[in-house]
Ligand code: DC
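Quick heads-up: it's one chain on its own, the form predicted on its own, in structure tokens.
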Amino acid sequence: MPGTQGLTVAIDGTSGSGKSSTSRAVANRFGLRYLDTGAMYRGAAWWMLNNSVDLADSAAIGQACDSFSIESTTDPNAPGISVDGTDVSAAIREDAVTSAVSAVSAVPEIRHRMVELQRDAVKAACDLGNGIVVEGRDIGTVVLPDADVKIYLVADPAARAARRAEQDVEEGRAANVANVEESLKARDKADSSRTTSPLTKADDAIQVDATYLNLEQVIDAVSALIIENVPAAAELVGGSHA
């Protein structure tokens, strides 16, 4: 709860559904910290690729899971991630990492370590009274099963592909909508079918379909649901996350 413990908001959903943009904006609106757990798994995948770990060998990935340091910043205005002290915020968005992240994130040892780090980040934010918005694929089900508010964000694959392709172009990467859509579908299948912490909607999560909503409408919808479920959160709107 807001105040001594901090507000915890879990936002899960499919790839390209707008989780990151929505989560950052909601965190800003309520003066909360922000954690992108997907970036942490991408950071692990980046390290595996750069250290020539065989991604087809889950045992090798598991053995290497403690071989690197990983740190996330939780300022929604300046989110970032470093691996062994190197800022990889841009590098983890490259195609090679995108193609590798599902294999790496499916390894139980990797997930166990990342979940511990994620919970540490949540505790740090709440100990300061800030609270936090955490986005990912297993936040409401595994990382924060007792979150104050749980949101499950979805959108039609075609809409997600168009948005992701547009984002890639804006960030200077080549993009083909059809290829992006196929990639998103493959990622959805891999994330939903993995044995450890699969992508699934928590029983008490509220689903928001962003297919026909623009970003601002999604942000408003999620913000309204937060206040509806935690009325005291209304007092946080416009607060500071410093």
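From a predicted model like this one, the values you see are computed outputs, not experimental measurements. Each residue number is its position in the shown sequence, starting from 1.
Beyond the structure shown, there is the form predicted together with the named molecule, which is absent from this document and is the topic of what follows.
- The named molecule in the model of the complex is approached by Tyr41, whose closest heavy atom lies within 4.5 angstroms of it.
- When the named molecule is considered in the model of the complex, Ile132 lies well away from it, no heavy atom lying within 4.5 Å.
- Arg93 belongs to the set of residues with a heavy atom inside 4.5 Å of the named molecule in the model of the complex.
- When the named molecule is considered in the model of the complex, Arg137 lines it closely, a heavy atom lying within 4.5 Å.
- Across the options 93 to 101, 146 to 154, 71 to 79, 120 to 128, residues that bring heavy atoms within 4.5 Å of the named molecule in the model of the complex belong to 93 to 101.
- Contacts of stretch 110 to 127 with the named molecule in the model of the complex, defined by any heavy atom lying within 4.5 Å, are made by Arg111 alone.
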